[in-house]
Every structure is written in C-alpha cells, then in structure tokens.
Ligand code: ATP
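Only one chain comes next, encoded as structure tokens, the form predicted alone.
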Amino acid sequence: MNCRSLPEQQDIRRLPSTPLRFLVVWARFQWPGYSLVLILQTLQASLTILIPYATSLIIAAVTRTSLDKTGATSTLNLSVTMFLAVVFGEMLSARLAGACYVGLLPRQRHEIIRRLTHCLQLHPATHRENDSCGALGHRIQDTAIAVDQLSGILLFDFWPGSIALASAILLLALTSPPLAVMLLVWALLFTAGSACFALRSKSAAVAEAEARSRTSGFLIDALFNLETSRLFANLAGERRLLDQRLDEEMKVVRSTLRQHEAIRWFQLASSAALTAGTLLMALWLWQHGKIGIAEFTLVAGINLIIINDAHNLSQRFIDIFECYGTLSNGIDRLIKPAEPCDDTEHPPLVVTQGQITFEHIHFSYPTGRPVFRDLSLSLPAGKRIGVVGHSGAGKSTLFRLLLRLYEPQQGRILIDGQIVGEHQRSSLLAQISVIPQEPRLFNRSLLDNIRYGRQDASHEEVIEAASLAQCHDFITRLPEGYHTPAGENGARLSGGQQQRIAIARAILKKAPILIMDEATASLDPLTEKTLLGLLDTHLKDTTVLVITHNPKTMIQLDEILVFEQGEIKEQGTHAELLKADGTYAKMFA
C-alpha cells in the first residue's frame, strides 16, 4: 500500500484505532523494506546459531588431528573456513539489516507525523477542547517514536530470538533429541509465562503513559501561563500543584515498575533453569557416551546464545510495554472520527451576495448543555449585523456553526439559498473572513501572517492591506520589517498590533462575508475609528457579522440581534432598541 497514492481524506480514514492494527499499517506501507529486514535478520539469527556448530566441527577436527595429523588437516582447514564464513556472514547480514532499517525509519516517522497531524486537523473542534496544543504536538511525536521503537524491538529482538530458538531446537534435534525436547519444553513454558505477564502489564503500561501525558500537559500549560502565575504571586501554588501531579504519576509508575521486576525475575529464573538443566543433561549424556566433546561444546554454545537472548528480552519486554502504552494513549487521543470531508461528490459553495439563513437549528455541546432550540434567523446580504448578549448567550456558538466548526444536531444553514452542509467545507471557509478576539498569529514573519489571508497575494497587495489596517507604519519601523517573526502566538507584538495584523489578513482575503469577534477590543481609539471607517468604504458590499460590546461599533450597525440563553430576545436598529428600553438599552447604558 502506498499511502501517498491515496486521496488525502480517504487516507485519513484508513488509520486504525488499535495499536496492533496501527503497526500493521506501517508494515504494509513499508513492506519492501520490512521484508528485506526480516530476510536479513532471519539469515543473521540462523548464522548466529551456526557459530557453535562450526566451533564444534573445529573441535572435532582438532581431536581427530591429534590422532592422525596427516589425514585430518584438510578437515580442520575446511572447518575453520566454515567458521570464518559463518562469523562474517552473521556480521554482514546484521549490518545490512541495520542499514535497511536506517533507510526506512525516517520516512516512516515523517509519514506517521504527517498523517496524524492531518487526522488532528479534521477533528471536530469539540474534540480538541480538552487538550492543549503543546500536549497534542507531544503526543504526535511520541506516537511516531513509539511506532519506531516497537518495530525496532520486533524486528531486531523478538524475530531474531524466535528464529534463533527454532534453529537451535532443529540443530539439537539432529545432534541430541533429548536436549532438543528439553529446549522445546522450556521455550513453550517461557513463551506462555511471558504472554501472561504481557497481558497483566498492558493496562499498567497504558495507565503509566496516560499519567505521563497528564503531567506533560500540566507542565506545558503552567509554562505557557508563567507570566500569569507571577502576576498573581502564585509561583508557590504552581509548585504545589506540580508536586501533586508528580506524586500521582509516581504512584502509577511504581506499580508498573513492580510488574517489570516480576517479569525480570521470571525471565532470569527461566534462563537459570535452562542453563542448569541443559548443562546437567549434556554432562549426563557425555558421561554415558551419548555425545562427544564436540557435541558438548555445541550444546554449551547454543545454551549461551539462548540465555543471552533471554536476558535481552527481559529488558525488551519492559520497553515494549512502555512503547505500547505510549502508542495506545496517542491513538486514543489523536484518532477520532473526522468531520465531514471535502470530496468531489460535494459541489463547491459559490457566494454572490452573502445572505445567511439559519433554519430550525438545534445544538447542544457534548456535555449535554443545550444552546439553541429551534433557532431560525435570516441575515440580509451586504448588511452590518451585530450580535450582542451576555456571556454564554450563544453568540460565538452561532458563528462557529456558520463556519462549520460545530455541526447542528438538527436544522440547516444556508448561504444564498445553498445548504452549507451539502457543499465543500473548504469552499465555505474560502468565502468568509474572520477577525477573532484573539488573533492567534503564527511564529512566522509578519508578511507570512498577513498573506495567510490569501496565499497568492502579491507583496504590493499585502502592503495595501497592511496600510488599510493601520499596521504598515509600525511594521516598517521594525528592524526586519515585514520579515520580522511574530513570536510564539504573536508574543513580540502588543495586543493592538496583533489585532491589526489579523485585520490586515482579513482585508487581504476579500471574502464576501466578514465575521468580527470583538475585533476592536484591543485597539486604540484612532485605529478603532479607522477600522469602523473601512466598513463604509472597502467593506461596504460585504456582509459583516459583529460580536461586540463596544458602543461606538454598535451605533454603526444596520441591525442588532440581542441573544439571551440561545434565543433572540430583541432585534432591530440601534435607535429602535434604545427606544424599546429593554435588555439592549441596559447593556448600552
């Protein structure tokens, strides 16, 4: 399966939601490379077991040479040549397998991050509200690393160990069937015991990964709000909260570590039992003439290899539990049902006027809190419509429904008579500009931030939009001008400067519908006046929807809707609502 040959939206829906199936996806994605690594690892493990066999042949040849120096020299030379060939082949196959894995690993990680990020982009907004952006970014990286580590453990530890064990049993069956039976019984008991511990440890591994994730999310949130903690003189309080989080994580980690110790005891005890058992049986067989010195050497060599593999697997079992927990936690958080996709079955939305209609809208949040019950509303094209109301009245939710960040449980939304839910989402968003209350700038150049409104805009068009938004002058005074980075979330700019960049971005987009969410809240009076003047000049044919509590903005609106608990309590012009002396008049006063 070549992932890049699939359409992007179909590609996302192929991401499974269980760790094992998720691993299989990447094995299929990289199947030529994985197949080659498996072949080389199979060869390497088989040759590793042949080293004791080649050693036993040398010992047998040396024994015969001491008795007959003239007749056994050629046999000794052949045995030594075989030994050297096996050692060289084992080393070469191992390194070739490593080189293949180095070639496929970066591409695999790149593709996992790409697809998980794309999957996250398609989550409904309500799915992302409980996780910070930093925590989600860490989960994407951790999930990709967990897949890399799991595939590495399976390819370079479990698979070669299994091949080596099977080869050892086969080789011993040809040399000494009783020893082969003993090794086979040990292998079955060892596998069954390890599987039992794996089943018991799986939930603990997931709990530990979840605890680490919660701690990581808390740290990101605390560091992001460090200035707030200082302003409220609560650094000691944040330290106490961090201690509580770390204590909670420590309890989970200690429980997991106790299970890890139990696994180590079991696997090391099993190794010791195999060592003692095989050596004692080999000595008994030698004493009774069932095997010779060469066969005894073969048994001892195989025994050492199997014991070494068992010791290694005791640690790798622990690693695989940790990786499984990280992968399970990441999949649970990142792979969610996607929002309706933009496919060729849906036509693009074409806005010519900008008339917006809400018909019988019912909407509740996932928590069950209802916002709208049978809301119907018509917003005329080319008008400036204000939406006011107390916090929680449904103002922002109304606009999020229009932008399809949320989907109504019932009812439909139309623009120029077209049902938005039956058209491509991207074409809807291309017709709407948004000036949010919090600008949310990228940590990229100011030029890139403004041009985000229209990617193909020329440099001259960017400067024109910046001039209209009253930000060209302060940008040119910066040392790097338009190439100055905005900083994390616009940290290098003042609140008013950030807002003006967001206004320039919206102006550059030239969309027929504009949404302003408290867009003038951070502006000085002069810039605010300039922005409001744009409504009568450059934006006079645009349908403008405004959330505001600013009296100067309210006065310039053609119509105002007063929301209260998800219902329209009042509707009219500024003068009409003041004359009615109701909720709006009290708010305005």
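Quick note: we count residues from 1 along the sequence shown, nothing fancier. What you see is a predicted model, and the numbers here were worked out from it, not measured in a lab.
Quick note: we don't show the form predicted together with adenosine-5'-triphosphate (ATP), though the next part is all about it.
- The partner is not drawn, yet in the model of the complex one stretch among 507-515, 397-405, 109-117, 463-471 has residues with heavy atoms inside 4.5 Å of adenosine-5'-triphosphate (ATP): 397-405.
- For the candidate set L379, L447, A393, L274, a heavy atom within 4.5 Å of adenosine-5'-triphosphate (ATP) in the model of the complex is found for exactly one residue, namely A393.
- Only one of the listed residues (R369, R230, K251, R440) places a non-hydrogen atom within 4.5 angstroms of adenosine-5'-triphosphate (ATP) in the model of the complex, and that residue is R369.
- Contact between W284 and adenosine-5'-triphosphate (ATP) in the model of the complex is not found at the 4.5 Å heavy atom cutoff.
- Although the partner is absent here, H549 lies within 4.5 Å of adenosine-5'-triphosphate (ATP) in the model of the complex, judged by heavy atoms.
- Taking the partner from elsewhere, Y365 is found to have a heavy atom lying within 4.5 Å of adenosine-5'-triphosphate (ATP) in the model of the complex.
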